[in-house]
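There is one chain below, alone, in structure tokens, taken in the form predicted alone.
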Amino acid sequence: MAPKNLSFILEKAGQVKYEDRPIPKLSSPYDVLVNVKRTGICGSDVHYWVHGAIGPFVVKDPMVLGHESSGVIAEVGSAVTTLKPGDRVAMEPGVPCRRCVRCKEGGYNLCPDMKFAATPPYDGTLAKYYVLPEDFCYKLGDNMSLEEGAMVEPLSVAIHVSRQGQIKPGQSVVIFGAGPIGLLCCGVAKALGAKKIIAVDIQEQRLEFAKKYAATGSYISAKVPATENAENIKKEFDLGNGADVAIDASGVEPSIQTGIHVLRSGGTYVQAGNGKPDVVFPIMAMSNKEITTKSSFRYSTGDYQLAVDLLSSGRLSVKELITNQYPFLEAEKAFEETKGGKGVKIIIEGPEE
């Protein structure tokens, strides 16, 4: 018999398998059952696959991987009013409690009881079916593909970063790290009207891609003090006393330091990338310039919908970032390719009917 709910399972670090699991049931009248069609691979998925843990989140029991997904509604609960079977949706993979103070004030991404796909002990979306609340599924525009729908998740991360930075039309933005999130931050900055968007990395190939995609300029970070790199960036791109906004999407200590130094007085710094748990930070420069320093974690109220709106309106494109696509039964190959740093974003198709 054909499998009913074929799933891609991480058993322990370095060991995966396919398993037919029961089709999940709707536990609330507001839930929907989604037939998952496309899933992008995130660095966190690869990290769990290689190491079996990320910080305090340890894979103790077999776990379905994946959380960057889109699909088609297969079934709806009795109280669902905005979706129907056949609707194509982007799937927001983290469901908060909705009752705590953080949820009530609108920052549900900070909910201490968040149930996030493919974060132990919760299963992810690399399966044929997945259940979500109605309001965590977002209808795709008629002109959007399912592949673009899977890109809504990382795009929402970049939107949250950019909203934390309060990017405004005409501003200058320096973005450190030209990986998927850094590139998407370039795209969002452009959509929000930034005049100068400078991508910084150590890989020339990534920077060439960034310029073709959305950056107005690029800078290869040199092995010199952060203050010197910052001054070079300001001079090369005519930033005057400094950039309005700096975003670190690398998590690398020298980039973090350069980000603070490249800002003008009163500028805004946003930490998006994760690296070492502790770094040497130029707190004197931050204080003397009265820099607003923020961090960014996943996404929150309005980020997913804005991502869909930007894509469906054509104000932003993500097609350029999708570099390969694999059938479901070749998911491990897709993980290998992502681990090897090949391409920008790799998509896995859902199980065949």
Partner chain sequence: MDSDAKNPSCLLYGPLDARFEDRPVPVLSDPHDVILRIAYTGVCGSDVHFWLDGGIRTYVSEARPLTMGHEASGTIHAVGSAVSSLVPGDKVAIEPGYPCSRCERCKSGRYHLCPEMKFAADPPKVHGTLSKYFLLPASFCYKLPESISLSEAALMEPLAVAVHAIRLADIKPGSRVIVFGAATVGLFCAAVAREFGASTVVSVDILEHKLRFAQKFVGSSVGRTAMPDSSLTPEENAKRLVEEHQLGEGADIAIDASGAEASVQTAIFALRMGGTFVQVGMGKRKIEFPISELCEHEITARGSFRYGAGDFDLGIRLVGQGKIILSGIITKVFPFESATEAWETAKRGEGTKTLIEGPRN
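Quantities reported herein were computed from a predicted structural model and do not represent experimental measurements. Positions refer to the first chain, counted from 1.
There is also a form predicted in complex with the partner chain; it is not shown, and the following applies to it.
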### Query
Out of 56-64, 282-290, 41-49, 296-304, where are the residues with a heavy atom within 4.5 Å of the partner chain in the model of the complex?
296-304
### Task
Work out which of 98, 211, 168, 195 lies within 4.5 Å of the partner chain in the model of the complex, going by heavy atoms.
98
### Partner-contacting position among 266, 106, 85, 275 - heavy atom within 4.5 Å of the partner chain in the model of the complex
106
### Task
Classify residue 236 as contacting or not contacting the partner chain in the model of the complex by the rule of any non-hydrogen atom within 4.5 angstroms, answering yes or no.
no
### Task
Give a yes or no for residue 116: in the model of the complex, does one of its heavy atoms lie within 4.5 Å of a heavy atom belonging to the partner chain?
no
### Task
State yes or no: in the model of the complex, is some non-hydrogen atom of residue 326 no more than 4.5 angstroms from a non-hydrogen atom of the partner chain?
no
### Message
Can you tell me if residue 135 lies within 4.5 angstroms of the partner chain in the model of the complex, counting non-hydrogen atoms only?
### Response
yes
### Query
Hey, which residues along 23-44 are within 4.5 angstroms of the partner chain in the model of the complex, non-hydrogen atoms only?
30
